[in-house]
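Only one chain is included here, represented as structure tokens and corresponding to the form predicted on its own.
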Amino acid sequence: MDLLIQFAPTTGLAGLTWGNAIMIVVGLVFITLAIVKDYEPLLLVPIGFGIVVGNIPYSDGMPLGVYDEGSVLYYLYFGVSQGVFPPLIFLGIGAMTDFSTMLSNPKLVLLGAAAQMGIFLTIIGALALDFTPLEAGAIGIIGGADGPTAIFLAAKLAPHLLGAIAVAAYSYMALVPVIQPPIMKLLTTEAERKIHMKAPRQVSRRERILFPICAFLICAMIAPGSIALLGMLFLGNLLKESGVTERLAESARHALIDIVTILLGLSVGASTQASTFLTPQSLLIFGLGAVSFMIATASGVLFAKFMNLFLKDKINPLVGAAGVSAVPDSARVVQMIGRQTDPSNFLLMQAMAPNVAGVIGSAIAAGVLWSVLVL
């Protein structure tokens, strides 16, 4: 009986708080959305399970959590807190990405740039809510809808907000099919949604090989702070397009990115311990993140409509919504909404151009913010 009496206070149930219970329910909701609704299951399953893991109470003398030096989760979280995992994710994305559609119609790059407006307007909003400039910069990047970029910048600018920013960024990436369609339909007419675009031209192998090299040099010169992210992105793409490193490209786009996604998702989820996550700041971050994402979507659509004032070959404004960096979900949503209006309209290839441009744009924005706010 003495052993049982000593054991009882060490159980998770003994230390369970309402905050822990709420976060465990949030984690289970993430898992449910991933399995039942198929919302980014590769992200939400490990993040949701990580939230459950991170909110099981334990005794003070047992180093088990991500913030307890010496624990297993602490060392896994090192890849998040020090910005190691995001560049590795970018390496895999680069090895999976085909930039041909962007190269075949370069003006669509402008839509990817326009969608970054959500980042900078949200920074202004965060400053108005008394966040520091460093915190505002880290929060604003959520508008790019790019989880790895948000984690990378938050680790540099506001490590104490990393958990909330990471979960918010990945949550909105998963909710692209829910958030974007109402905005797209509100800002476009039926006639605009029915616009057919020309098929992309054939891009030569030489162009595809030269692009990652030239693009990296240009982007790195503009924003040296983006070297880690864009260097890995374009290296992955060069491995894919060179034709002589297929084994490396195959490893990057499958084994490597899958392993890193599991570790990143689990450790990010586990960082959302109720004592550090359930704060007024976290709620504000989630609210600002939602506003940022909606502004980014609207900016892309409205800029496409503006471009149509000067173009002979019109752009379907829906394509502008793909300017956020949620690859390839935003492009799929464009295809879905376009076909709902006109079943013969295929916009997926055209939407991929601003979609991949948005990845580059958000990484450049992160590099610029890091340079400006830290120096």
Partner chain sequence: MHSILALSWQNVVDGNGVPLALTGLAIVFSGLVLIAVFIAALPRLLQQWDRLMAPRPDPAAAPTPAAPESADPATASPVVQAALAWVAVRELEVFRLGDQQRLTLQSHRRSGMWRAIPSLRDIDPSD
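Keep in mind that this is a model prediction, so the values were computed, not measured. Positions refer to the first chain, counted from 1.
Not on display, but discussed next: the form predicted in complex with its partner chain.
Shown without its partner, this chain lists Val176, Ile195, Leu110, Leu162 as candidates; in the predicted complex, only Leu110 has a non-hydrogen atom within 4.5 angstroms of its partner chain. In terms of contact with its partner chain in the predicted complex, the residue from Ser171, Thr97, Ser271, Thr188 that brings a heavy atom within 4.5 Å is Thr97.
Remark: Pro182 does not count among the residues lining its partner chain in the predicted complex, judged by a heavy atom distance of 4.5 Å or less.
Taking the partner from the other structure, its partner chain in the predicted complex has a heavy atom within 4.5 Å of a heavy atom of Ala114.
The shortest heavy atom separation between Val327 and its partner chain in the predicted complex is within 4.5 Å. Under a 4.5 angstroms non-hydrogen atom cutoff, its partner chain in the predicted complex lacks Phe277 among its neighbouring residues. Residues of 232-258 lying near its partner chain in the predicted complex, listed in sequence order, are Lys240, Glu241, Gly243, Val244, Glu246, Arg247, Leu248, Glu250, Arg253, Ile257, Asp258, the criterion being any heavy atom within 4.5 Å.
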